[in-house]
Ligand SMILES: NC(=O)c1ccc[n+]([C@@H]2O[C@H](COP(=O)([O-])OP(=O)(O)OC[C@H]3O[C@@H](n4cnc5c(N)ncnc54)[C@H](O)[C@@H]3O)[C@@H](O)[C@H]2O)c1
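Take a look at this single chain, the form predicted alone, given in structure tokens.
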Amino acid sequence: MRRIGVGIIGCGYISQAYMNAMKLFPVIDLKAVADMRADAAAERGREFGVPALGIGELLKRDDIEIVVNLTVPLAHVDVSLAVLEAGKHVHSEKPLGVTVAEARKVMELAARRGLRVGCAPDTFLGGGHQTARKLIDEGAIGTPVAGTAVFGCPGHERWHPAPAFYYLRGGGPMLDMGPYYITDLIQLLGPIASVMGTAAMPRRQRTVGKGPLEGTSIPVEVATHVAGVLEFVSGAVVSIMTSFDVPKHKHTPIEIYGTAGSLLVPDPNRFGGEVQLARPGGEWETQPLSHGNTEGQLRSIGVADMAAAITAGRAHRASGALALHALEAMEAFQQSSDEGRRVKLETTVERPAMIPAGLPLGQMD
């Protein structure tokens, strides 16, 4: 196996999870990390035994083929463009950009340079979601007709030590948590045709509840409760809600209803979880997981799949095209709310190929 050299730009909260997961995938060879804050890069470098470099220095490294962009959402596009200009493939944290117009610049530059773009979330590659996909494709619920997708919490300021970016442009529950739900729905049901939505901002200030900024007031610039309907090209219709204004709820994350049965899909922010199937008149029955990659925090599986795809000459699954389509759907909720109309999407995408069943942890083909 040829190992692919990987560098990371952005050494904040999520980088630790990515770097721990990279140890599980033999195709990844982590070479270096970088951050605008030299102390943050140095800390991660010491923790994982890799060099901490300046961003420009990392981009000049000949032994790095993929750069993982773990910066804050407002910096995603600028950093991804710099990576591509340096002649390297890029895998970005979600969202691909804070607007479709900005994200298109990344895709257009990659196309001109003959480079790959990948983007989180990659949780749909976990065994729980691959099992749900397999059941749908095998006709276990007949033709998918409808569904629900629900995320609701009181807000990330309860736990995150520096949560301000969640409430600025590029934040909010739809751009933060929507990618998990919408990306999983696309891989389950196919591309989205149109969106109808409504968006609300009940509070203009939030209070940090943990860490050194505890008690600090932060401004809210984006809608914190977004709901609506996704209409898929296949004809399926899914109701969705993402909210930072819900104290508690009892909804399951994703349910898919078909002509011959209903399917409970696990939390799309996790890789594993329980898949349940119910046929008309029957009870919910837990289904055996057909795929691995279910245990623990597997952030970086999308990076590993890109690396494996480079060596195999195939398409990678957590692609920029998939992320752009999901982003257009997410952006359309606010547009639909503002304009009071259904918004038809301009982009489309093929469902990513399933991971073959039965592979051991760390293997993508």
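Everything quoted here is computed from the prediction, not taken from an experiment. Residue numbers run from 1 along the displayed sequence.
Beyond the structure shown, there is the form predicted in complex with the ligand, which is absent from this document and is the topic of what follows.
None of 251 to 259, 165 to 173, 136 to 144, 284 to 292 except one has non-hydrogen atoms within 4.5 angstroms of the ligand in the model of the complex; the exception is 165 to 173. For the candidate set H225, H160, K105, R270, a heavy atom within 4.5 Å of the ligand in the model of the complex is found for exactly one residue, namely H160. This chain is displayed alone, yet in the model of the complex one of V27, L70, I64, L324 has a heavy atom within 4.5 Å of the ligand; that residue is L70. Among residues of the shown chain, R299 is one whose heavy atoms approach the ligand to within 4.5 Å in the model of the complex. The closest non-hydrogen atom of I14 lies within 4.5 Å of the ligand in the model of the complex. When the ligand is considered in the model of the complex, R37 lines it closely, a heavy atom lying within 4.5 Å. When contacts are judged by a 4.5 Å heavy atom cut-off, Y180 counts as touching the ligand in the model of the complex.
Contact check for G10, I55 and E93: all three have a heavy atom within 4.5 Å of the ligand in the model of the complex.
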